[in-house]
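Listed next as structure tokens is one chain, alone, in the form predicted alone.
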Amino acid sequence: MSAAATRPGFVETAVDAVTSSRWSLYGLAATRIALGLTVAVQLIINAPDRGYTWGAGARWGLPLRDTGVWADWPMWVADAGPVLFTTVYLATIVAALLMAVGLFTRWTTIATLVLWMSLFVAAPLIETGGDAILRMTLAYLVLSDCGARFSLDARREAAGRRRPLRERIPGWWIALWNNVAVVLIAHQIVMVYVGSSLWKLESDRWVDGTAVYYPLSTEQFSPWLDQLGWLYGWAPFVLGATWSSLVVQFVFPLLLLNRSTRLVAFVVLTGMHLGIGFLMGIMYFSMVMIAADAVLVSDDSWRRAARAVRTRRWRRGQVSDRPDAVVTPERL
């Protein structure tokens, strides 16, 4: 039999790639931690106004909700009494924190998704783009093995206090759904960035490099206008921020084709989202996007970054242990 006849075909190779190993376990863990903390922190910060924002006080927004896509979702949270509503509110915070630390990860991820959705549909007027990305990413995380790294579940499994998932479910099945979740999250991110860039290209303000100036010069979108107004009017900053955002989002799918450019895209987009969150006061949206982007960084890249950090710490320790590295008064 010839070598060509025994060589696996495209279908066999693809099936093996999807079912033989789990992709982006470190990235999924980073996404899980970031989303859990984002949900918990937002609810904790808004706890004093919870009744008006999500509870019975939010019923004034029902006309808008009844015309939206979630009109059929049960409104049981807003209809609950104050005691039950507060209980559900606290349960959402607890579920999000447990998801972040990775305890009973799959079940706490499902609980966070369902409880957060129940709060979300009760307040349609405060919905942002971050809410849509958050609920979709949470739904995809349910399919993944996002508790395999940086989690209490992984520690319990390593210590023998928890039966490994692969002993209860076939390994190829776990890998398949984990990788499907990674593909769905990546597809979602690509659609967001490419769609945003195409929409921006239709505006003359984005093409001529001045679009960033307008929201940053509006008090509603710029909490630092009094302190940083001089920066917002500086042409190189405005031009660089406008065009860099447009270009990176437009070529984003191409940057995913190579491991190095994929890491560059993650770093640049993280910086962009942190800038948006800080300068425009919408850190919630920025953290959700950064959390979703983390899935795109391969496990090898996470491991190399961890090794680089450990190496740097080791070198610092070696230098500090040298007698000639100690600074004495005679050397000053």
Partner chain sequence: MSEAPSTHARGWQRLLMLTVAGVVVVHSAVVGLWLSPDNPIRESVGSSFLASYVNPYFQQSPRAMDPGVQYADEALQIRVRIRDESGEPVESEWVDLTAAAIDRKGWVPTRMDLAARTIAVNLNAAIQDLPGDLRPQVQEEVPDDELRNLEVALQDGGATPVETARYFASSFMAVQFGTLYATGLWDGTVEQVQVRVGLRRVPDHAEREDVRLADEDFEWFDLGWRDAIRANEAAQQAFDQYVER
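Positions refer to the first chain, counted from 1. Remember, predicted model here, so these are calculated numbers, not experimental data.
Absent from the display: the form predicted together with its partner chain. The rest refers to it.
Pick from 255-263, 155-163, 172-180, 102-110: which stretch has non-hydrogen atoms within 4.5 Å of its partner chain in the predicted bound form? Comparing against its partner chain in the predicted bound form, the contact stretch is 172-180.
Its partner chain contact at Arg205 in the predicted bound form, heavy atom, 4.5 Å: Yes, contact at 4.5 Å.
Would Val251 count as touching its partner chain in the predicted bound form under a 4.5 Å heavy atom rule? No, Val251 sits far enough from its partner chain in the predicted bound form that none of its heavy atoms falls within 4.5 Å.
Hey, in the predicted bound form, does Gly57 get a heavy atom within 4.5 angstroms of its partner chain? Because a heavy atom of Gly57 falls inside 4.5 Å of its partner chain in the predicted bound form, the answer is yes.
May I ask you to state whether Met136 is within 4.5 Å of its partner chain in the predicted bound form, using heavy atom distances? Output for Met136 is yes: heavy atoms within 4.5 Å of its partner chain.
Just one of Ala91, Leu84, Val247, Leu198 has a heavy atom within 4.5 angstroms of its partner chain in the predicted bound form, so which one? In short, Leu198.
If we check its partner chain in the predicted bound form, which of the residues in 120-152 reach within 4.5 angstroms of it by a non-hydrogen atom? Contacts from 120-152: Leu125, Ile126, Glu127, Thr128, Gly129, Asp131, Ala132, Ile133, Arg135, Met136, Ala139, Tyr140, Arg149.
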